[in-house]
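Only one chain is shown below, in structure tokens, and it's the form predicted on its own.
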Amino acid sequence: MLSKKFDGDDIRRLHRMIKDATRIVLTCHVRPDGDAIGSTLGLAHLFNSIGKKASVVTPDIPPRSLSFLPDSKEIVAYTKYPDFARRLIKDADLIVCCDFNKLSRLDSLDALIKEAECEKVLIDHHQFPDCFTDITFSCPEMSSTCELAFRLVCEIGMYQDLSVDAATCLATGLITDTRNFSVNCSDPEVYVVLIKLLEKGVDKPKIVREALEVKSLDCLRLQVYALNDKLEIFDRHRAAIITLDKEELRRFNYQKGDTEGLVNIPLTVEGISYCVLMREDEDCIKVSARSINSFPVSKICEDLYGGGGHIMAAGGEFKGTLEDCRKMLVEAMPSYDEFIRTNTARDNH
């Protein structure tokens, strides 16, 4: 059994919103991952199955690693179909925002969602959400937004309406955000959520393979190059940095999602507490950070790169050169050593 997590009035209000809505738009953060697509697409399947017209509108194109998800081809990426996306948002009578805590995480969709006159709901597990919806369901302690969405589905009495397609999408977010149940999964109830999804017919091995393991040959070569030629280890600070510039990305025919999971690999090296990946895009440097032992990479991303996220999984952006982005972190590393010492002391108890 799952414990109840939400205010009863909010649950009743959410149920009423869904019941009254005819056209529902679900959206998520820019550069969507498994949790963002899993939560939006999973809830869209559910809403369509009960007679609603639900559409997923994303700021940009999802990574190809998630193309196996049911109806992923129906996702409307704003960068590809701007007019269609605008029309869907304008016509919506309910907007469900998933897996982001600030409107700025919507990138170019920011203004459209903000100005939409319909009711809005936020379902998210990031820290410190802004107030931009009529109801906010925020649970940073949960493994994923997909876990949170599943719990909401159960509390509003719609578990029986979940199809295998909806459950597959929700399970994908659960699996990817926990790295197949290796992080963010200390709460025993997260395994109850997985069991309930498996009971719907979810093929977990397929999700693990498609979302976490399968890569193109170009992607594999890029990651091997990054680890062999571009990985820097800072033993004193228990840190690792990988930098990739535009020329290197072009050399390996980079496609969106090809660096997914790369930042986690150096964490398997003994003594490394955190790793930061810096990738040169057209307009900025994209920063992605991961850690172990509760080292707060979210603080690094907030302090240096105007970003944030979870304690051990965060990101941000840097306006400037790749070398300046790297230099900023290297110079700041000593100021974060105290967190390594704290974590080491905790781990030794």
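One-based numbering along the sequence shown. The shown structure was predicted, so the numbers you read here are calculated from the model rather than taken from an experiment.
Beyond the structure shown, there is the form predicted in complex with a small molecule, which is absent from this document and is the topic of what follows.
None of 57, 69, 54, 313 but one reaches within 4.5 angstroms of the small molecule in the predicted complex through a heavy atom, and that residue is 313.
A single residue from the set 215, 86, 251, 102 has any heavy atom within 4.5 angstroms of the small molecule in the predicted complex; that residue is 102.
Screening 283 to 291, 43 to 51, 320 to 328, 58 to 66 for residues having heavy atoms within 4.5 Å of the small molecule in the predicted complex returns a single hit, 283 to 291. Using a 4.5 Å cutoff between non-hydrogen atoms, residue 126 counts as a contact of the small molecule in the predicted complex. Among heavy atoms of residue 307, some come within 4.5 Å of the small molecule in the predicted complex.
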